[in-house]
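Just one chain follows, in the form predicted on its own, and it is written as structure tokens.
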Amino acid sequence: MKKKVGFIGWRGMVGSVLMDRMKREKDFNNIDSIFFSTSQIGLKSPNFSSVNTLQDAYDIDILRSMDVIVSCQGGEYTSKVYYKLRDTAWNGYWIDAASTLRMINESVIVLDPINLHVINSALENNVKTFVGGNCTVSLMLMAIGGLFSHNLIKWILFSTYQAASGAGSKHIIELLQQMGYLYNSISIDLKNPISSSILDIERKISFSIKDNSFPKKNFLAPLAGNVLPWIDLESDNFQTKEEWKVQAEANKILNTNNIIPIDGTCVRVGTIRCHSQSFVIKLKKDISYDSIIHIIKNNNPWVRIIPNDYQSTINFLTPIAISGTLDIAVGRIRQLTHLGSEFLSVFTVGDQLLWGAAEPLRRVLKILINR
């Protein structure tokens, strides 16, 4: 008998990517899918739904009839519904994209190419709550998971370069509006660049960015032509919450006995999609360069080692090259011999809407429906 799976937040950015992946992989053939809404109750469901109309996402009685619930609706919805539903003695599986439940004791952060053994152990112990991890954390672990699994990492210092889409669809639109605003401010100069000095063009750009009418409602600052070295709320020790998540969630995903220190700076950049990350890694011992490449490459089938040369790097180690794929590009791999050969530098790129968000949810749902 097919399991009844309820979907909430399936029209948002992460939800849409999840739906696309599930259709491509024909996952809907194996479940009875019921679609819920917080705002369009009673309207027509997608044609691959088992029920013709959208159900009320706040109706606890209907939610209780689900074997599995998948929520991409966001933390506010989870906070309102999850505990009410559990209080009814509902014993189904809850799968969530939001951060709300990640660090509670009763949940497992899922990334099965890295922690399938943790997921399986949790299922044996009747755990029912499974949550997708922070996008940068999941992409980091997919990229250098081999170094973790071989117990080679003493500590990591990171810098992230996170796309506008990591903040949501409104932020993508705003970045594009900012780009258009800047272009319009110098479009005449660009048509006749000989008559305009580059310094004049640069001054017009700078003036436009600082103009009061420059669109920055969502980012609260210019992102086009700029970088924003602050993501999420302030946490302790002058960290942002986004920076705090990296060590906390990575160690929970890996179920480490001893905390692996991971710290750094999270930065928003003016790319549309895909997060990039730069790591300085202190290894526990000196191992050969060839061994490092082998360990990273063979951890999971999605890692793509990019040769450390100019042409390969600019063609394949970029958000444009990786966007929309499940590939995890890992390049600029080099031992920092001036510091010591046990120090390693790595640059990675991954699509944060896929391995950083939707794909771990899809894969854990598949695990659950096959039980």
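Remember, predicted model here, so these are calculated numbers, not experimental data. We number the residues from 1 along the sequence you see.
Missing here is the form predicted in complex with a small molecule; even so, the following discussion is about that form.
Looking at 208 to 216, 142 to 150, 72 to 80, 104 to 112, which one sits within 4.5 Å of the small molecule in the predicted bound form if you count heavy atoms only?
-> So the stretch in question is 72 to 80.
Can you pick the one in 250, 266, 135, 131 that has a heavy atom within 4.5 Å of the small molecule in the predicted bound form?
-> The residue in contact is 135.
Within 4.5 Å of the small molecule in the predicted bound form, heavy atoms considered, which of 52, 337, 39, 311?
-> So the residue touching the small molecule in the predicted bound form, by this definition, is 39.
4.5 Å heavy atom contact, residue 292 and the small molecule in the predicted bound form | Answer no; every heavy atom of residue 292 is more than 4.5 Å from the small molecule in the predicted bound form.
Although the small molecule is absent from this view, report whether residue 19 comes within 4.5 Å of it in the predicted bound form, heavy atoms only.
-> No.
Is residue 356 close to the small molecule in the predicted bound form, meaning a heavy atom pair under 4.5 Å apart or at it?
-> So residue 356 counts as contacting the small molecule.
Is there a non-hydrogen atom of residue 168 within 4.5 angstroms of a non-hydrogen atom of the small molecule in the predicted bound form?
-> Within the cut-off, so yes.
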